[in-house]
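Only one chain is included here, represented as structure tokens and corresponding to the form predicted alone.
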């Protein structure tokens, strides 16, 4: 019975170890919750695109009339549209409302932002919904089997 009683020094060491262990576990739990939440709330910094010209791997004859294709213009998404008349047009694919990625809808022949139902015509002009400005338009040159898209200056 006398062996089950801890001395005051042993009791203190056990209590210190439990306090350290519980404090470390609580800290690890808090870090595992707060880090993903902070990464979600603070978006990563995106560099401004420095590309002025992009040669696409898409051949002009591969793109069907009344269709669109998303591609990368530097670090930003862009959209290449072949109109129902067969004309190639390119725009920034970043919606001017809240920076969602737009897409081409062949059923209505518009560039459409699914986030808040924003519509752009085939000249990039905002025609319906909340987008406040037109899409940035790029110059498109189709030469042989290549499509070259460049910023207008």
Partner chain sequence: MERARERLWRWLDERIGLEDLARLAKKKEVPVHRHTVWYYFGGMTLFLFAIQVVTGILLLLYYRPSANEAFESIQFLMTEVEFGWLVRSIHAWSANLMVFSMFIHLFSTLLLRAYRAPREITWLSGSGLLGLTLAFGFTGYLLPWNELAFFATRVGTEIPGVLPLVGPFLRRLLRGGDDVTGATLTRFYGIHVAVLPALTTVVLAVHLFMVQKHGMSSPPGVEREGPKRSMPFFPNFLLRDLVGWLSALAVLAALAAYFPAELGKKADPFQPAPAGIKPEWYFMAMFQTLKLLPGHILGIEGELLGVLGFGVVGLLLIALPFLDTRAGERPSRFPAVFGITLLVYMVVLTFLGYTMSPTK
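Since we're looking at a predicted model, the values are computed, not measured. We call the rigid core whatever largest set of C-alpha positions still superposes within 1.5 Å between the two forms. Residue numbers count along the first chain shown, from 1.
Missing here is the form predicted in complex with the partner chain; even so, the following discussion is about that form.
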As a check of understanding, the residue in 115, 88, 51, 122 with any heavy atom within 4.5 Å of the partner chain in the predicted complex should be identified as 115
Do residue 28 and the partner chain come within 4.5 Å of each other in the predicted complex, heavy atoms counted? no
Contact of residue 43 with the partner chain in the predicted complex (heavy atom, 4.5 Å): yes
Using a 4.5 Å heavy atom cut-off, state whether residue 59 contacts the partner chain in the predicted complex.
no
Quick one: is residue 127 in contact with the partner chain in the predicted complex, heavy atoms, 4.5 Å cut-off? no
In contact with the partner chain in the predicted complex (heavy atoms, 4.5 Å), from 28 to 36, 80 to 88, 95 to 103, 51 to 59, is stretch 95 to 103
Does the partner chain come within 4.5 Å of a heavy atom in each of 65, 109 and 139 in the predicted complex? no
(message) Tell me whether residue 38 is among the residues that move between this form and the one not shown (Cα shift of 2 angstroms or more, core superposed).
(response) yes
